[in-house]
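Each of the two blocks below gives one form of the same protein chain as structure tokens; they are labelled structure 1 and structure 2.
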Structure 1
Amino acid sequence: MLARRRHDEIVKILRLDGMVRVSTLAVALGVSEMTVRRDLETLSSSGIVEKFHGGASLVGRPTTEEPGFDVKRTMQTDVKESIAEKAAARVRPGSSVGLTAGTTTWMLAKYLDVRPLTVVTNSISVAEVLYPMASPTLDVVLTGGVRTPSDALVGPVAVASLSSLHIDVLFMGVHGMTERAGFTTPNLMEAETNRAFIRGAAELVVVADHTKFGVTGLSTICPLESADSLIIDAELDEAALQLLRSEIPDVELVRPEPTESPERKQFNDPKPFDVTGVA
């Protein structure tokens, strides 16, 4: 493969994944890691990518960039499934659980098979996943609000809905995380709604794949140190892992196994559903 074509492929991969390791690029391009490092050096000199130990990320990703839910649900699928399954194992019968909007929390919803359980969410997609599991021992509380591209219900109605609720554990997905900006989202109202979720939670568990590290959204939700736990995949760079462990008490790594299907469990088609609305 010619150098120019490799450079185009590297940029394409980074646009999809946000950040990537040298070893991963070498396999994807069918070249040596030394060749990848030279390519990254060239792209870095051109101001296109930013190198870090063991990998690279795109320079200047817009802080307001927010891919739609249907796009994000196809990205890092195996990784998100593994994170979701690991997170669900923390849920105990009789507890109240909060799920913010996002594709990882959307996947997490289908693993919530403990009962009795109360789930509070601001995501219509999460509620649709929980509908087929409906039973007298599963309560779903869906906030109102304005719908965003990430399928979150946000704004004053959502914040008011959450202001009087108290939940045992909140599982929060994020758009990005950095040492300086903390956990972020491109949407100002989503950040405000997530902060309302956090205020009512006894425990905050962030669920995110490694591509979220080094990405900064427009608005900070909370600092890294606000999280009690972070569940993330083992593709994270070692330097990034050490940074996160210095800020977050519990960082749990998962190692996903490749699957033949992009989803281990099939979702039922969305149907009209009964949920408890909070005004």
Structure 2
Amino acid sequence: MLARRRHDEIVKILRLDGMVRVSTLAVALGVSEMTVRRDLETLSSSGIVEKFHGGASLVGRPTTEEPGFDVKRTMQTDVKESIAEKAAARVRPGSSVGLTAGTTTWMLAKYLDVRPLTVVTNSISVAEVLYPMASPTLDVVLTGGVRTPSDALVGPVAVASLSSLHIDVLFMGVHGMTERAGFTTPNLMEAETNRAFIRGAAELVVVADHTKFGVTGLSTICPLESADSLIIDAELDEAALQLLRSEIPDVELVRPEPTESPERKQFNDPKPFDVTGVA
């Protein structure tokens, strides 16, 4: 097996399980431990993984590996992360939530830790974040459809799926919001799909960072006042905030945490990991 392929394989395994032992990788990849160490050394100096005695984990926060779909590295990652975290805190056990496609909702998915929970999404990336966590108390429903470049499943199939589903809270990411155009997205079909999403939702929570304000996408999803809540970062200027508050009952301001490298697992607990046993 080629070195390069091993590297990809290692990252893939780490995505599934957060951490691996060197010995496990050696068996899984069919090479000696020394080779695994050298691979980890390489990945480590590229900043991809973090080595520790006995194994390695993905570096720092949840996946530095971008969700390939977010080509426009608009950054704001920390901001979005904070917004996502705050949004996730609103989810109540036993409810069913919807997540549209988007970077923020993708991050949100990672913070969903209440159970039982049902999640409906039209984003493959979001679904893939949740699948490894799936359990009898976590249902993940993917709507069908055709995929847009931004990784949303849209179109008649998506709309039809959504029209038969009813969710408690919909978390929706948007590409832009203005007073006149409301919440917008560049993609016509995505707008339509999101409207179908909204129709089936008891509550609409929009998640967005401040750079979205004043931006108008091609297609309107819904007017501002359709949102029950908006979670946005505090960089927003005063006038904008005024306006948003006048249209939306509940505007929650989030200020990015001053960096956290919080609950990264500690190394003295190398949980054994069996690659072959992945169901």
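Under this definition, the rigid core comprises the largest set of C-alpha atoms superposing within 1.5 Å between the forms. Residue positions are counted from 1 along structure 1's sequence. Quantities reported herein were computed from a predicted structural model and do not represent experimental measurements.
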Looking for the form predicted together with the DNA among these two structures; is it 1 or 2?
2
Superposed on the rigid core, does the Cα of residue 229 end up 2 angstroms or more away between structure 1 and structure 2?
no
Comparing between structure 1 and structure 2 on the rigid core: C-alpha of residue 36 shifted by 2 Å or more?
yes
What's the distance in angstrom the Cα of residue 25 travels between structure 1 and structure 2, core superposed?
46.5
